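First comes one chain, alone, set out as structure tokens in the form predicted alone.
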């Protein structure tokens, strides 16, 4: 079994996967020895309530300032081509307040998701694109769900059998505190006009047993990181564009650590790799 920042999550909550019957055999259904408790078939009408709760989980995590997903996005971009993996609990264990927040039907007694990780398989074999990470750590502070997001992503990537990972997020996103736990990230873009939010970075890294264990919080694993050569302010659009110009001219940069707070600014440590 994997060691984590918060082993109580593995002890007190079960795991689920949303996957079609055709995709399910391709899943590692016991990542790090953790059993799978619930399989949700998106092709079945019986899954309607759980899938509604997944959409509610997304809304509770990101709120009105986020990029909420329509149900068709879940279906077209995750449930059919890949998997949705996360932690859940039986509806019977919800408090009255939690049930109200979720809007669960009065008679529903199935699993209720408290986290999810969505990744989409890419054409390159073994490569997956990270689409959505959601957790109720901050929404349900009394449950002691600290580090739920990091643990969910690490175990999900093991379940999906990811070999190379690609992700995209914004320089201002707090999710970078999680993503950088997986080790140095190769920067494929630093400024991305193809995205709705141009101040988006695209990153990639090889997935190893050590990087997953480190991200989940195993104290026995330490990842090597290069020394930063420069720091990029999360609001420095001209700096993002300048780095993007260099990348397109053949330069290589690595995001080598978590964001840091310097006064009123959030800065990112970057290593020039070539």
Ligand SMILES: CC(C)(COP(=O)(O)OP(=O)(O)OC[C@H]1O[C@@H](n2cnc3c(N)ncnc32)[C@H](O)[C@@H]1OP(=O)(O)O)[C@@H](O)C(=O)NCCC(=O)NCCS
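Computed from a predicted model, the values in this text were never measured in an experiment. Positions refer to the first chain, counted from 1.
Below: the form predicted in complex with the named molecule, not depicted.
Novice: So which of 101-109, 121-129, 145-153, 192-200 is the stretch with heavy atoms within 4.5 Å of the named molecule in the model of the complex?
Specialist: Going by heavy atoms within 4.5 Å, the stretch is 145-153.
Novice: Since only the chain is shown here, I'm wondering whether residue 80 would be in contact with the named molecule in the model of the complex (any heavy atom pair within 4.5 Å).
Specialist: The answer is no: residue 80 has no heavy atom within 4.5 Å of the named molecule.
Novice: Is the gap between residue 47 and the named molecule in the model of the complex 4.5 Å or less for some heavy atom pair?
Specialist: The answer is no: residue 47 has no heavy atom within 4.5 Å of the named molecule.
Novice: Is residue 187 close enough to the named molecule in the model of the complex to count, meaning some heavy atom within 4.5 Å?
Specialist: Taking the distances in the model of the complex, the answer for residue 187 is no, it never comes within 4.5 Å of the named molecule.
Novice: Check residue 174 for me: does it contact the named molecule in the model of the complex (non-hydrogen atoms, 4.5 angstroms)?
Specialist: Judged by the heavy-atom cut-off of 4.5 Å, residue 174 is in contact with the named molecule in the model of the complex.
Novice: Would you mind picking the one in 133, 84, 88, 157 that has a heavy atom within 4.5 Å of the named molecule in the model of the complex?
Specialist: None of the other options qualify; the answer is 133.
Novice: Heavy atom within 4.5 Å of the named molecule in the model of the complex: which residues of 176-205 qualify?
Specialist: Counting only heavy atoms within 4.5 Å of the named molecule in the model of the complex, the contacting residues of 176-205 are 177, 178, 179, 181.
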